[in-house]
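Below, in structure tokens: the form predicted alone, a single chain.
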Amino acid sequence: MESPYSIAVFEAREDEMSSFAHAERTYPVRLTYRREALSLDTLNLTAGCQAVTTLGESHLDAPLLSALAEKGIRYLSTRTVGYNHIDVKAAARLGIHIAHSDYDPGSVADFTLMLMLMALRHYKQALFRGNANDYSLAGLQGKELRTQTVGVVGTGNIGRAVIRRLSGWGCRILACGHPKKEVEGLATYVSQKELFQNSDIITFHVPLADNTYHLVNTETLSWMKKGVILINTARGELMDTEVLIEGIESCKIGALGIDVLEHETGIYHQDLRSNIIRNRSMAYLRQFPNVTMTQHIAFYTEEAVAGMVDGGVRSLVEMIEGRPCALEILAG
């Protein structure tokens, strides 16, 4: 067997270790683990490595990518599906090959439906009441999912998985995005504005890009039904947080189920019980009785973590060896 490829693993989490061990048995790699994010301050930890894999806390901007290139590192993967934390165009200019990861969409799709049901059945209010021994019914009457029109924004892997699950509930399903054959017979494609205007529940499954930043804003919220339920398990920046607050206060938004939030970096996935959290909008938004906020955990299952690690390592091996890599990100 040839000498293994040396790969530096940044942001290594304990829950990934068994999957990394499996990857070392499966691929010709030698892995070194770092708990820290990759930055200019931790760049020296890549010494002797041919490639690097990170998570989303490593902000791979042009200066950092340039420093990596100077060290001779030409291959980098992120163990995340999204890659808005990477300057892909700068990487291409520097000759650095970048790949993202992948995992079965079921984890996020299941979580999305859970948030819908929690919103429809006022679960947050019911839970809080039960904790105080208040078992009254007033204000807890919900709605059934089968009576709703659900709009799915984005029909990539996760959006399609959500549609497949929704199809079993008997609700009307609208979709917008690039039409996919798998959606035929399950959902009706309409324009984004039509979807916003006609949906009782809207769920978002698109990557963060220039054209998706603040998809929910003052104008688009004005198109929606009074009492609309919004679900976001994709990226926080798809929604303008201040607009969400105004929508909840005015009752334009009937309920909100969000697993992601603007400016969550440095907060989510951290133990901050002894810290002061500097995000006033987050603190204000989460106190509403009809807002369910979770800490970016929709993806977080044993199966998904294993898939993210495998994709992160496998893609590096494929790129180093010059083989086709389905997960490589090409600068557009």
Ligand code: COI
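Position 1 is the first residue in the sequence shown; the rest follow in order. Here the structure is a predicted model, which means the values were calculated and not measured.
As for the form predicted together with the ligand, it is not shown, yet the points below apply to it.
Peer 1: Ok, G156, G254, G82, G106: which has a heavy atom sitting within 4.5 Å of the ligand in the predicted bound form?
Peer 2: Answer to the contact question: G82.
Peer 1: Under a 4.5 angstroms heavy atom criterion, identify the one residue in F299, Y268, F288, Y27 near the ligand in the predicted bound form.
Peer 2: The residue from F299, Y268, F288, Y27 that makes the contact is F299.
Peer 1: Go through 246-254, 73-81, 163-171, 116-124 and give me the stretch that gets within 4.5 Å of the ligand in the predicted bound form, heavy atoms only.
Peer 2: That would be 73-81.
Peer 1: Closest heavy atom of R235 to the ligand in the predicted bound form, within 4.5 Å or not?
Peer 2: The answer is yes: R235 has a heavy atom within 4.5 Å of the ligand.
Peer 1: In the predicted bound form, does M308 have a heavy atom within 4.5 Å of the ligand?
Peer 2: Judged by the heavy-atom cut-off of 4.5 Å, M308 is in contact with the ligand in the predicted bound form.
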